[in-house]
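The form predicted on its own is given below as one chain in structure tokens.
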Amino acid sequence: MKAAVLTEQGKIKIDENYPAPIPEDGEILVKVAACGVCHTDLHYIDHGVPTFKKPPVILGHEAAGIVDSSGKTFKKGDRVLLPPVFTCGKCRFCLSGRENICQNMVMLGNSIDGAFAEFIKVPEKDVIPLPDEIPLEEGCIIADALSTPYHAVFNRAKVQPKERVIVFGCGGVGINVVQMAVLAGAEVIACDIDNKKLMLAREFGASLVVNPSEIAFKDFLKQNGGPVEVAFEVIGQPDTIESAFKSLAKAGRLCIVGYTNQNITINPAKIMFFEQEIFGSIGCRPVDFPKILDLVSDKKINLDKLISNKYKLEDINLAFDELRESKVLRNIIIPAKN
């Protein structure tokens, strides 16, 4: 089959004859309809973050497709969404309802071959039915670009109606943190250095926007209601994490969604005196996917403006270039021939 493969040199190359996956017991084969291009993929390609499966490995963890081999639950032709992470269901995290940090998690495009390919095999128990009213190709981004923000807003930060929330970074995930926080009833401030993304954040419900390259962030807060109850950092940069922390009011909560392995400098006295909280958020629990699908089906979550471009598999490096240059929210790859 045709696949986009990460090589040992950190390059993405098209392999026309990559071995097609053969499902084993408990697995089904899925013909990939589309797979989103995510910043996590760039960490493997550009930043030296290692994958658990040593290259050559197929990246791509945000996929939807059509079942190609029937199993016990799904039959050939069923439309499905593939979660980025497969869980064991037995460890203490799974048993306590925190499957997204499963001790034995298996991640697409990291632990095993992902979905930048014509076909993929996956554990049938983890596959999610995709409702007919949700477009198959566009629906792929629900797997991560929507589910990760849902978990961050509703499960980790527990955003409440009328709380003031600021979101640092309005890219493919950040714009959906904005969208989810608005859905939770919060007053949302969107922060980015790209005015086009800030305009889009307005369309997704942000009450205020700020470009810190145009106004001192401290001055902006003074002029617009002061510190906030909740801050989300969705970039993964030490300086923006520190700025997000500084934006917090008493009893404020900082939720870190962006990835970085660099150190940050934060004054713990403020955390103690003001009873503030700092915590991380990653992925989404399996139990939440039906709720997210309902929100999309009911048009409470907007999919239409989230897809920037669709690329054929052989043009995947163009899609990555646009992501590197912060030109897009979400590009998607269409691997299989119809």
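What you see is a predicted model; the values in this text were computed from it and never measured. All residue numbers are counted from 1 along the displayed sequence.
Although not depicted, the form predicted in complex with adenosine-5-diphosphoribose is the subject of the following passage.
Partner proximity in the predicted bound form: V234 to adenosine-5-diphosphoribose, non-hydrogen atom cutoff 4.5 Å: Close contact exists here: in the predicted bound form, V234 approaches adenosine-5-diphosphoribose to within 4.5 Å, heavy atoms only.
Any non-hydrogen atom of I292 within 4.5 angstroms of adenosine-5-diphosphoribose in the predicted bound form: Looking in the predicted bound form, residue contacts with adenosine-5-diphosphoribose do not include I292, since no heavy atom lies within 4.5 Å.
Interface membership of I266, adenosine-5-diphosphoribose in the predicted bound form, 4.5 Å heavy atom rule: I266: no contact with adenosine-5-diphosphoribose in the predicted bound form.
Touches adenosine-5-diphosphoribose in the predicted bound form: P212 (any heavy atom, 4.5 Å): Taking the distances in the predicted bound form, the answer for P212 is yes, it comes within 4.5 Å of adenosine-5-diphosphoribose.
Listed residue (A34, C38, L29, I307) with a non-hydrogen atom within 4.5 angstroms of adenosine-5-diphosphoribose in the predicted bound form: Looking at the other structure, the residue within range turns out to be C38.
Contact residue in the predicted bound form, from D194, D78, E137, D126 (heavy atom within 4.5 Å of adenosine-5-diphosphoribose): Here the answer is residue option D194.
Heavy atom contact within 4.5 Å of adenosine-5-diphosphoribose in the predicted bound form, the stretch among 115-123, 97-105, 78-86, 254-262: In short, 254-262.
Heavy atom contacts to adenosine-5-diphosphoribose in the predicted bound form at 4.5 Å, residues of 146-184 in sequence order: Heavy-atom contacts within 4.5 Å come from G169, C170, G171, G172, V173, G174.
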